[in-house]
Structures are given as structure tokens and as C-alpha cells.
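Next comes just one chain, in C-alpha cells: the form predicted on its own.
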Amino acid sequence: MDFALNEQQEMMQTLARDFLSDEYNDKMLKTTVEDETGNMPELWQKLAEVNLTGLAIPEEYGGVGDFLDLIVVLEEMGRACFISPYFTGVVLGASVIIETGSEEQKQKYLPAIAEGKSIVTLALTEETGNYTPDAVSLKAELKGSNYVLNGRKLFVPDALSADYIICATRTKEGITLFIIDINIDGFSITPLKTVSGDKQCEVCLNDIEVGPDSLLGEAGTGWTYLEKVLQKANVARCAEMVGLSQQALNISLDYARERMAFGHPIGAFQSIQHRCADMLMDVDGSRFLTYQAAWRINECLSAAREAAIAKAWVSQASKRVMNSAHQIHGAIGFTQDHILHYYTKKARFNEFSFGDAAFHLEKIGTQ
């Protein structure tokens, strides 16, 4: 396949890079990490104004572009170490609704997501933190024509910023998905401390009663849809890691040119050159695997194996890149004032998000 970007993708890449360069500097990154919600209203509004919140949503619902366009933008967001509810709303929430929603539900939720007026999160993981159907135990019991939900979800992304929550539950038919207004009585949301600054929460549901109009898809079919969404989510995380790794390489190259030792820039030493070469090979290899999987998803081809291969490889490669970046920088790369440690923590978060390398290598082995 041809890995070169087409004209539209180059345009989206330039748009995202220029936008983030203007609106999301290192100071903004540090502010976002410290903020409880990680959602800056003015920045979010500007994202919507340049149509970035509508990426990969069908045009009939107010969206623009396709999944490959979204991957290009997510790589740029990785370069900026961008922390916001963007991934949650555009990749997770919108994807679930596109896969499962009725026409009425799509008309209700997708235009609002595309316009940046609504954020939809996904509550999937529980005590085990596993991304498997047997790990879902939150109960939804039928009461007349309605369902009553009780239980607890962990590591729910951006729940404090969300307007709606898509909840994976267990009914007598199997895994069932519901979309619920997060402001109704019965929700208890507690923010969790994270290493990377990404905003995750514990969400408790206490006797929350929802009508049949909240059901996404048919009862018991939820995991079939979630498998497709998780493929997209993993490839999207890979795109972010490619951007994170590329920027870590760029930062390291600049430092190697400037840092003097024994009368020479440290980049003149062969050991540093070898590390930079290895980092470049990992970045390029990660990008190729990510775009191959993304292309298959975009073309509606089977991509389970490619997505798993990409997530396993990119997770390991990203770790190697970050380790080398810190070796090149030495002690300064670990200091609070330096920007590199934010990239390392974000990459580490992405590595474990939706399953780590071991999880996906096991999936590859059983396919």
C-alpha cells in the first residue's frame, strides 16, 4: 500500500499542526495536567470551529473526513502531548453510536458531537481492568419496559467532562449497551489520580432507571460492536504514540546538537548517533503499522489482526524510544521543568490503554 498522505490528509495534518502550535504550548500542557477535568472550554470551542470534532463522523450527521483523516490528526495531537476529552468523544463515543445507534439516535447524538456541543464517554472496564466480555459484571435488570442499572465502572475517561455515558452492562441476554444522560440522579463520579494527567474516573450507578430508547443496538449484542470500536481505539492510541515518539526524537536531536561534552556536541558521539538511529527506525516502523491497520479499518476490511499487531509493536517501540530519549537527556529529562517526562508518561498510559502488548500478542496467537 501507499503510505503517502493524499491532499486532504496533508491539509488536515497542516491544520492540526498549526492549530496545536498556536493554541497548545508547553504551558497549556502543564495547566491541563493539573486541571481536574482537562477540558479547557475556549480551546474546545476552537477545535469545533475548525471542524476537528467532526472527524470520521458521516457527513449526513455533520461530520467531515474519514478514519484516516482522524488518524493523521491524532498523530499531530500526540506530537503536542494533547490532553483533552477529544479522544473520548470523537474516537470512543462517536464510534459506538455509529456502530450501534438507530437512525433516531444518530440524529440526536452525532451532530452534537460533531459541533463540539456534546461529549460522550464509554464506561467499559471494572475491577479487573480487562477488555474482555467476562470482565463486565455491572447489572441491568429489566423492570417492566425499563432497565435498572446498578454497579461500578473504573477508569472511565473524562467522565467529569461528559454529557452522556455509554455503559456496558450485563443483562440476561449478554453484554448490552446503554447511553445515559450523566446528569440524572444516581451517578456518583470520583476522579482518579493518573500518572499521565489523563482524566479517568470511578463511576458508580445506583438504581439508575432508563427506558428502551437508551438501548444501543439489541440486548446481548454489545460485545460484537465493542470489538470493532476497540480496534479503532487501539489504532487511534497507536497514532498518538507515533506522534509522541516522533516528538521525543525531535527533542532528543535538538538536545544532542546543543549539549556540549568534552568540547563537542554529544550528538557527535557514536553511541548517541546509534540511539537516534534506533529511535528513528522505531518511529517509522510504528507509523507504517499504524497506517496499515487504519487503512484496513477505513476500507471496512477485517482489521482485528492488524490492529493487534500495531498495538503490540507500537507499545513496545514507544517504550524503547522514550527510554533512549531519557538516556540522551540524562538527569535533566527527569526534572519537573523539562517537557520530556510528560511525553514518557503519556506514552506509558497509551501503552496500557485498551490492552498492553502482552494482551495483544496473546490475541494474535489465538487468531
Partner chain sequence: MDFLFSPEEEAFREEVADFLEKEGPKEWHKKKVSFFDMSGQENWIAVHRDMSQKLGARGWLSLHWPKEYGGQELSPFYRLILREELAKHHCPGYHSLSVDFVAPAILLKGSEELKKRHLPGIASGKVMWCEGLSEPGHGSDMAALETYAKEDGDSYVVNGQKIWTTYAHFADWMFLLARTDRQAQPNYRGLTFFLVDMKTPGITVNPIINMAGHHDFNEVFFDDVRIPKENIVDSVNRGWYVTMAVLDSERTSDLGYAIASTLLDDIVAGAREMGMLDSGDKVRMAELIAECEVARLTHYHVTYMQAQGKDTSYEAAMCKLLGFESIQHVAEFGLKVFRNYGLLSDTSPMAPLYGRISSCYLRSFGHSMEAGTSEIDRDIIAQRGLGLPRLR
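None of these values were measured; they are calculated from a predicted model. Positions refer to the first chain, counted from 1.
Another form, the form predicted together with the partner chain, is not on view; read the next lines as being about it.
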property: Contact check for M28, K46 and E104 against the partner chain in the model of the complex, heavy atom at 4.5 Å; result: no
property: Segment that reaches the partner chain in the model of the complex - one of 50-58, 302-310, 331-339, 37-45, heavy atoms within 4.5 Å; result: 302-310
property: I180, L138, A256, L160 - the one with a heavy atom within 4.5 Å of the partner chain in the model of the complex; result: A256
property: Listed residue that, although the partner chain is not shown, lies within 4.5 Å of it in the model of the complex (heavy atoms), from I251, I189, V148, C276; result: C276
property: A219: touches the partner chain in the model of the complex, heavy atom cutoff 4.5 angstroms; result: no
property: Touches the partner chain in the model of the complex: L289 (any heavy atom, 4.5 Å); result: yes
property: Partner proximity in the model of the complex: Y131 to the partner chain, non-hydrogen atom cutoff 4.5 Å; result: no
property: Any non-hydrogen atom of P212 within 4.5 angstroms of the partner chain in the model of the complex; result: no
property: In the model of the complex: members of 265-282 within 4.5 Å of the partner chain, any heavy atom; result: P265, G267, A268, F269, Q270, Q273, H274, C276, A277, D278, L280, M281
